[in-house]
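Take a look at this single chain, the form predicted alone, given in structure tokens.
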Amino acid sequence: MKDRLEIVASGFGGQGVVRLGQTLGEAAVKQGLRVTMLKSHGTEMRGGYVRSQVVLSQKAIDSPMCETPDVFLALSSSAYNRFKDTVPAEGIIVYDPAFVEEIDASLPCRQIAVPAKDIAVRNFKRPIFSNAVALGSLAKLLETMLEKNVVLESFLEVIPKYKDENRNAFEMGYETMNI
């Protein structure tokens, strides 16, 4: 397992980007890891720019900044374009094709499409569950560092409403991720 894992999630307000970062941090703390999380967002209440940066480590964390993210979750085209060049060749970009229409095929890193919004709308008739789908896909990617069940448990604590739908959406995201 790596000493330090950097995760960036970015999109627009209302997509659950901050809650996703909180969930990963909560799960990591439960497993005895050290965690930092930074969030930034525009002044808009919904629809503005949002970013969550999470660093996980077994050792002390010297900087909370994600300069070369191991995993980048892009939930908007502007987020994708803003951070795609920060992901190293061994990193992974996960993106939702409902929001990221064009990907840069010249990037050396792996890029994985996870149709979180489409899965949420098709199965739950509401796009609000797309963050649970996206988190499930991240849980599959991060399973060498974070246990799936701990991530799910943390998610259901961070977002206590709609537990059955969120659990099912998380599982769908987990199963959708092809690594």
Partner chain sequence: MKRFLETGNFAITEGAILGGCRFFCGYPITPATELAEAMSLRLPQVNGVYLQAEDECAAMHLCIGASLGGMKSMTATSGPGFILYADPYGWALGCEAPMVVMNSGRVGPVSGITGAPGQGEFYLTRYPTQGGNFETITLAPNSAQECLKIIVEAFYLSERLRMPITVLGDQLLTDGMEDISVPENDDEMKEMGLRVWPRLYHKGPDFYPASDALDIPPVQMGYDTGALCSDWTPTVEGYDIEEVEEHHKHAYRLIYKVRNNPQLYEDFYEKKYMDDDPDLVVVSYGTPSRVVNTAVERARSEGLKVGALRLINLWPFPDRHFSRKTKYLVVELNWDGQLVREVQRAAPKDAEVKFLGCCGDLPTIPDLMETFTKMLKNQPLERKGWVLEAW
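Since the structure is predicted, the reported quantities are computational estimates derived from the model, not experimental observations. Residue numbers count along the first chain shown, from 1.
The following text describes the form predicted together with the partner chain, which does not appear among the structures shown.
Engineer: What I'd like checked is whether Ser76, Arg110 and Asp118 together line the partner chain in the model of the complex, meaning each has a non-hydrogen atom within 4.5 Å of it.
Structural biologist: Zero of three within 4.5 Å in the model of the complex.
Engineer: May I ask you to choose, among Ile128, Leu146, Leu141, Met37, the residue with a heavy atom within 4.5 Å of the partner chain in the model of the complex?
Structural biologist: Exactly one residue meets the criterion: Met37.
Engineer: So in the model of the complex, is the partner chain close enough to Pro64 to count as touching (4.5 Å, heavy atoms)?
Structural biologist: Yes, Pro64 sits close enough to the partner chain in the model of the complex that at least one of its heavy atoms falls within 4.5 Å.
Engineer: Applying a 4.5 Å heavy atom distance criterion, does Val29 contact the partner chain in the model of the complex?
Structural biologist: Val29: contacts the partner chain in the model of the complex.
Engineer: With the partner left out here, check for me: in the model of the complex, does some heavy atom of Gly25 sit within 4.5 Å of the partner chain?
Structural biologist: Output for Gly25 is yes: heavy atoms within 4.5 Å of the partner chain.
Engineer: In the model of the complex, does Leu152 have a heavy atom within 4.5 Å of the partner chain?
Structural biologist: No, Leu152 stays farther than 4.5 Å from the partner chain in the model of the complex.
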